[in-house]
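Below you'll find only one chain, the form predicted alone, shown as structure tokens.
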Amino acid sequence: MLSTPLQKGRSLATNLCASFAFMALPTAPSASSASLLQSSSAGLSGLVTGLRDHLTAPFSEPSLRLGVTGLSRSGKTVFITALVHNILTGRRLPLFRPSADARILAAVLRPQPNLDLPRFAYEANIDGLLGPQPVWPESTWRLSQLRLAISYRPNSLIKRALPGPHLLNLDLIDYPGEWLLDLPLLSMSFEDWSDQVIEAAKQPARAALAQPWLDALGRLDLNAEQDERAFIEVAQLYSSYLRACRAKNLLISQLQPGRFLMPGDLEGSPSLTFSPLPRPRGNLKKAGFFAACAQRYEAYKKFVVRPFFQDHFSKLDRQIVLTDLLGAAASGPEAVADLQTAMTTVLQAFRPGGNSWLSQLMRGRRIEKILFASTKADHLPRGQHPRLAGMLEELAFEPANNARFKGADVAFQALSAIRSTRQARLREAGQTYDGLTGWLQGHSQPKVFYPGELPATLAELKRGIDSPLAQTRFLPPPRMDQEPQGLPHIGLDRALDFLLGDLLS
């Protein structure tokens, strides 16, 4: 049987990789577990993989792995659904240049390349949004993937002269931001982590939420024989405390382990059935309750945290980070400060930088573009959107500056992947105000609101805001399937242009 050029190219690349492998030496291990993780794709495995990918590139269809993350309720699922729907239906997105110039010829969903990952539920999500009674899709609770193949007409004369269709396979990787908060655990012992969590739980803002769990810790015999019922009870109480913190936007940066809130397919497994414990006094039994919890904590890091970063996260090309800054501000100053800590923790997990062929060979892939988006922009009149984006940029200045220093392209913007409100003008006492109108649960007609004025600086925002819309949950607007311009949005086209525009040129 004759081989195709693609098969010959891949075979040649594989043989060259095998010949080159003996030359590659693994990099020396670094001091901390986090550093070990971040350099895991270097060395023998990363070098050979990078060489293989570079040599097969001329024989393969171009592909891009776009990571979509954010903490709970930040809008990840809605963003991916709106992105895919607008491109599949050929809607004109005026600030997305390939779409505005009518250079996107067609788009289809294709089987995803990673068969071990759940498929993103695009069809169910869009059916719910476009149904007779629109509903928001369920939030992200596990890792998922969707491949969108885009056929386009390049604007480069050189590219146009090349034969064959011009395709880009866009692999969308959806994952909970809570999982990234586990990164610090890799360099922390069970005892040190427990001390940090228990101390934070005793602070005034969280003490009442943590009391049932803390009371259970006081009743534990740390040297008792292992009893699965005791593991389950204390793990459930600790998980309930974490969920209560998340609901009030408290202690976001320490919602660890992240899988306790987003267990995915691991729900009920021993690696998710443990809890922080107070430091024991006296000698410990090797087979006692404390030792067993410490063992499960280490197993969680080994079998859950490291594989996620090594198998999926380290292979991303570009990234969008969605943030509910308005929701945090409505919960008070402590929540905003904690969101800033959480974002810094999340972004420390990224591997930013350029992706030249040589750098990929030597140090593995890097995230070359990062977009930070403050969601729920439709909760504010359009005149306040630049201020919302500016506050997010101030909030994430340090990690963003570090990413730029390492060669990544970074941008900030306000965003609503599906706009659930419309602008309105309100008059009161002879004065005119910018307002909004939107649909709320239980109302047969849209309701008009005055959202208030966003503070001018992040420092003012950290002191809290008094806005009736900061935590209001609007329903999706009705009859979106009849919109000639596709799903209504704020800034989705700008986001797509930053993340994809250069690859479709």
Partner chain sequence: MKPGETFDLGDRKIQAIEQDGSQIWDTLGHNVSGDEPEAQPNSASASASKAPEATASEPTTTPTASAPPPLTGSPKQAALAPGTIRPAAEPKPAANPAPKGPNRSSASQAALQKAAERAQQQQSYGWFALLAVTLAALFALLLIADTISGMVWLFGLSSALGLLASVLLAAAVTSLVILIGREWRAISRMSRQRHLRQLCEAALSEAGAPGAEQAMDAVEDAYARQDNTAWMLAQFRELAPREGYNAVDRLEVFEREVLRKLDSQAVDIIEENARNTAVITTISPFAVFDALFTLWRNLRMIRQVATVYGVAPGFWGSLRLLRQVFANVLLTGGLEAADGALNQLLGGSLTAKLSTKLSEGLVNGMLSARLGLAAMDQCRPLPFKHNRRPRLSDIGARLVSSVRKSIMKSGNRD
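All values reported here derive from a predicted model rather than from experimental measurement. Residue numbers count along the first chain shown, from 1. So that the term is clear: the rigid core is the largest set of C-alpha atoms that superpose within 1.5 Å between two forms.
Quick note: we don't show the form predicted together with its partner chain, though the next part is all about it.
Inset, instruction - Report yes if any heavy atom of residue 441 sits within 4.5 Å of a heavy atom of its partner chain in the model of the complex; otherwise report no. - result: Answer no; every heavy atom of residue 441 is more than 4.5 Å from its partner chain in the model of the complex.
Inset, instruction - Give a yes/no on whether residue 454 approaches its partner chain to within 4.5 Å in the model of the complex, heavy atoms considered. - result: Answer yes; at least one heavy atom of residue 454 falls within 4.5 Å of its partner chain in the model of the complex.
Inset, instruction - May I ask you to state whether residue 465 is within 4.5 Å of its partner chain in the model of the complex, using heavy atom distances? - result: Flag for residue 465 set to yes.
Legend entry - Contact test in the model of the complex: residue 430 vs its partner chain, heavy atoms, 4.5 Å: Contact check for residue 430: yes, within 4.5 Å of its partner chain in the model of the complex.
Legend entry - Residues 419, 446 and 491 all lining its partner chain in the model of the complex, heavy atom within 4.5 Å: Verified in the model of the complex; spot residues all in contact, yes.
Inset, instruction - Name the stretch: of 333-341, 89-97, 136-144, 277-285, exactly one has residues whose heavy atoms fall within 4.5 Å of its partner chain in the model of the complex. - result: The contacting stretch here is 89-97.
Inset, instruction - Let me know the one among 394, 298, 101, 233 whose heavy atoms come within 4.5 Å of its partner chain in the model of the complex, would you? - result: Comparing distances to its partner chain in the model of the complex, the residue within 4.5 Å is 101.
Legend entry - Sole residue of 424, 214, 200, 121 within 4.5 Å of its partner chain in the model of the complex, by heavy atom: Among 424, 214, 200, 121, a heavy atom within 4.5 Å of its partner chain in the model of the complex occurs only for 424.
Inset, instruction - Could you tell me whether the Cα atom of residue 132 shifts by at least 2 Å between this form and the one not shown after core superposition? - result: No; that C-alpha moves by less than 2 Å between this form and the one not shown.
Inset, instruction - Could you tell me whether the Cα atom of residue 199 shifts by at least 2 Å between this form and the one not shown after core superposition? - result: Moves: no, less than 2 Å.
Legend entry - Core superposition between this form and the one not shown, C-alpha change of residue 428 at least 2 Å: Residue 428 C-alpha, core-superposed: shift of 2 Å or more.
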